[in-house]
Each structure stands twice: as C-alpha cells, then as structure tokens.
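Taking the form predicted alone, here's one chain by itself in structure tokens.
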C-alpha cells in the first residue's frame, strides 16, 4: 500500500565451508537455487570447523591452524566482513614438570545453550574439552576430563587415534537443560554429564568395537559423529567406526540400526544428519569400510542413505550424484541440514565439491567444485528482507 513502510523477511540458507586451505561462506537465495561464494577466508589455514552463533545470527567462530601460528580460533562479529584472533585460544594447563599435552588443533565448536549467551564449547586434538563465556575470545579447560587419570587413559596416545589425530567432537547441549551435555571421542567413546560438566560418565552399552578388542574399555570405542534430534532430545543417533546406532533415553543401550543397510554397502561412514522436525528421519553417507579402510564411496558410487522410520529401513538417495568412478568421501563434520521445508541437505567432499539437495535427498546439485579438501559443512538460516 502507498505509504506502508513495513517490510517482510524471508529465510535464506548460509553454508559455512571449512577446508584444508581456508573457509568459504556460500550465500543462497530463498529458493535455494542460486548461490554466491564469499571467500577464501584464511587462505592457506587449515580450518577444521566454522560455526555461526544461532543466538545472534552474526557471530562466526573459525577453528584454524597454520604452520607458523599454531592452533587458534578466529572470531567475526559482522558475518565474516572482519576477523579477530581469540585472545586466549584453547590450551591445556601446563604440568608441574613442563611436559604435559599440547593442543594440535581445535576440531569442534558448539554454541552454548540459548539461556547462556556468549557461551561456547570447543573440542580439540588431542582430546580436550574447553569452554568460553565471552563469545569465543578466551577459553579455559572445562570440567576435569582433560586431566582425569581415567579419561587420559581412555584417550590413548596420538598413535592410537585417527590418521589426522585423536579428537574430541560432537559436543551436544540438551536444548531443555544447559547442564545436560554429551560428547564423543575418537577414540575414547561417548560420554554424558547431567551436572553441567562437573562429572562425565561413559555411555557405551550396546556399542561394538573392532573384533579382538575389549568392548568394556572406552579406549577402543570410536564414535565418528553423534547427533541429537531437535524434535525429540531424548533420541540420539550415532555413526560409529562399527556401525550406525540409535539411543532412546532414558534408556542407556544403543541399538545398531545400520544392520538394515544393504549388505553390499554396509553401515560404516563418518557423518550423520537428523531431520529438524521428525525424530524418525536421518541421513548417512556410507563409505568403504572393508579391509584397509580406503575411505572412499563404496565401489566409487557415492550415495546418501536416508531412513524415515528410525533405522528400520533405509533408502538410497543418489539422483544427480556421479554414477561411477567417484572415489571421494564425506568427513564427519561435512554434512548438514537446514530447517526449511522441505529440509535442505548439504555435504562437502574430500575432492572439494559442495553438493546440496533442496528436497530432502530426492535429487542433488553441485553448488561448487575445485575447492580444497572440505573438512566441515554447516548451514544456517538468515532472515533477510524479501527480495534482498
């Protein structure tokens, strides 16, 4: 109407891409059909994770490492226009003899509970848990696990971890209770706290380990990715080194739901994504887990698999993806979902391709090629003026 100054807004996706050689912000339109790459940011840095604070919609944290500067965290308060290094990045407390452990890189970033503005959690390699209460500017060791004798034993040595170093990852905050936390360690298993991190306890019942190792010892457990259902926080999913699992609380026994995957594909992989509104729906990206773990798509034919019934059945979702000779895979942090309707799915590959589906995996489109090896993909929704 003439003289009406009211404006309407619409939600658009923002894909946050962390790579072996820097980071990119990928801005989408409301139809998720047009994309604009903003980057590289931190060209030459190893960026393990890039996260937007959903509580203010503009603060970004990037977990980065360079050869000469070492591990650090960068912060942007203006959606990536400018960046500033954290005044005190995550670092282990120094031991009395001056030896102790040193952070190789920060691997995982999780914003705190909505009731705790400015709070962030970080997981590192080797395994360590840290917290910031000032928006990521200063970090301190969180809880006692970094120095607890049992946890140190369960973490094993650097040689016991994944090829690029053992990691603490998948830090989950119960949206109903900021004191209820989970995390995973590769290796070292899944752990839970109900007292704001004062204590943690293993949550391993039902999980399998590689044949020949002691299933009762957390050291031998290797969760690759934990997810909590936004629609039902009592439901957790897990892509593990030894299968795909689901856990329904208050139960404490994981159920291997990956046994219903096609046997020629198996249930080994790194990432897992959960539907934002339906706790029965989830997606995984399997990889070849046979013999020497080539870490490629099975038979060179990449596909997402989705379940609509909490893992009772799985459907192959590969329309638009290469049909053959595609020997890449997707890392544990490199698959994500938006909260739009229908849900958009996104993943980045070890060959530097960024793929998305605007119809919950029904068909796939390549958004970007020729990026460095992609380490992490997160997606956020931003409110913009309609038509903007």
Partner chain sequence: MKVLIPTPLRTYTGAHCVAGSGTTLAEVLADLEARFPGIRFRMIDEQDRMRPHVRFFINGRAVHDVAVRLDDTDELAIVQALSGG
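Numbering follows the first chain given and starts at 1. As the structure is a prediction and not an experimental result, all values here were calculated from the model.
Another form, the form predicted together with the partner chain, is not on view; read the next lines as being about it.
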item	value
Of 85, 309, 150, 214, the one that lies within 4.5 Å of the partner chain in the model of the complex (heavy atoms)	85
The partner chain: the contacting residue among 295, 249, 101, 316 in the model of the complex [heavy atom, 4.5 Å]	101
Residue 94 within 4.5 Å of the partner chain in the model of the complex, heavy atoms	yes
Interface membership of residue 136, the partner chain in the model of the complex, 4.5 Å heavy atom rule	no
The partner chain contact at residue 90 in the model of the complex, heavy atom, 4.5 Å	yes
In the model of the complex, residue 69 touching the partner chain (heavy atom, 4.5 Å)	yes
Region of this chain that lies against the partner chain in the model of the complex, out of 179-187, 202-210, 231-239, 72-80 [heavy atom, 4.5 Å]	72-80
Contacts with the partner chain in the model of the complex, stretch 193-220 (heavy atom within 4.5 Å)	none
